[in-house]
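Shown below, as structure tokens, is a lone chain in the form predicted on its own; questions about how it binds or moves come after it.
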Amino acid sequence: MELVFLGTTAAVPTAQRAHPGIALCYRDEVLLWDCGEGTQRQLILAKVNFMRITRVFITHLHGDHFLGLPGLLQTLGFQGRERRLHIYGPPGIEELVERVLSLGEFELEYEIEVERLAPGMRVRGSGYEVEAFEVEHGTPAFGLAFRELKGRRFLREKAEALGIPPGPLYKRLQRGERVVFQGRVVEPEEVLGEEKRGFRVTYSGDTRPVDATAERAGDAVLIHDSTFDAGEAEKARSRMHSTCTEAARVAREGGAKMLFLTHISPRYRDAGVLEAQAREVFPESHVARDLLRVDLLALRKERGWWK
């Protein structure tokens, strides 16, 4: 379970920062959140296997978040991909992908399934779900909240009190199935406790600070738009972005475990000022940089998160 920041700039690339893109590596899948220009090269530099990408989420239709799609789709074809690829995005994503596939002359041997995001929509995968939620950016735009699905805790002592022996019946109850034991129907709710805490990662996309992000930041690693420093609050408002301190307040109020500041304006050659300002509000703030890897499994072991 790993986060890889592929690109962390805002609008214009620099020598240090590429256009937005985040790879969320979970088990044998890679979920790609935004696909700015140059994303496929960043994947290669980060040694992330792009053939394992199963789902691509485009948060909104500003070019710096999707212009890497044409090259990525074509490269997957050149590499002999056969597995279906799912692409999700805001209204207009269907037309966008259709136009991308009409560029130049190339044919794909794999299927692409395109689906429009809607507020509250949940995309389910093997052991996880990604929820889309509306954010505020002056154009249809979404944030994304990843949640590992680990089920509810099995209360063995309650099963034993009911006289149920260990074995197949335990497994069925853990799966949420009712069972019959000694002529009595046992409901799974009788032996299941609270939901286990799985990995959680929330990505704001480009946005002003909104309650919807804070509501999904609890117990999560939060990745938030931090285009400007605290002194540029008016500019952030007019351009529908966030400052580093606004992002930090979202993390603090939402109960995030850690905050990564991204979508950094090219004006900041040294983004240390953003990190310093954010840490005054939320100490666990960090400026993301290109090719930064965040080992979430190691964080769980070291800090006891998501248990």
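Each residue number is its position in the shown sequence, starting from 1. Treat the numbers as computed from the prediction; the structure is a model and nothing was measured.
In what follows, reference is made to the form predicted in complex with another copy of the chain, a form of this protein that is not presented.
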Exercise: Ala276 in contact with another copy of the chain in the model of the complex, heavy atom 4.5 Å: no
Another copy of the chain contact at Phe66 in the model of the complex, heavy atom, 4.5 Å: yes
4.5 angstroms heavy atom contact with another copy of the chain in the model of the complex for Leu103: yes
Close approach of Thr39 to another copy of the chain in the model of the complex, 4.5 Å, heavy atom: yes
Stretch in contact in the model of the complex with another copy of the chain, which is absent here, among 51-59, 31-39, 245-253, 278-286 (heavy atoms within 4.5 Å): 31-39
The single option of Arg124, Arg84, Arg175, Arg99 touching another copy of the chain in the model of the complex, heavy atom within 4.5 Å: Arg99
Residues of 1-26 having any heavy atom within 4.5 Å of another copy of the chain in the model of the complex, listed in sequence order: Ala11, Val12, Pro13, Thr14, Ala15, Gln16, Arg17, Ala18, His19
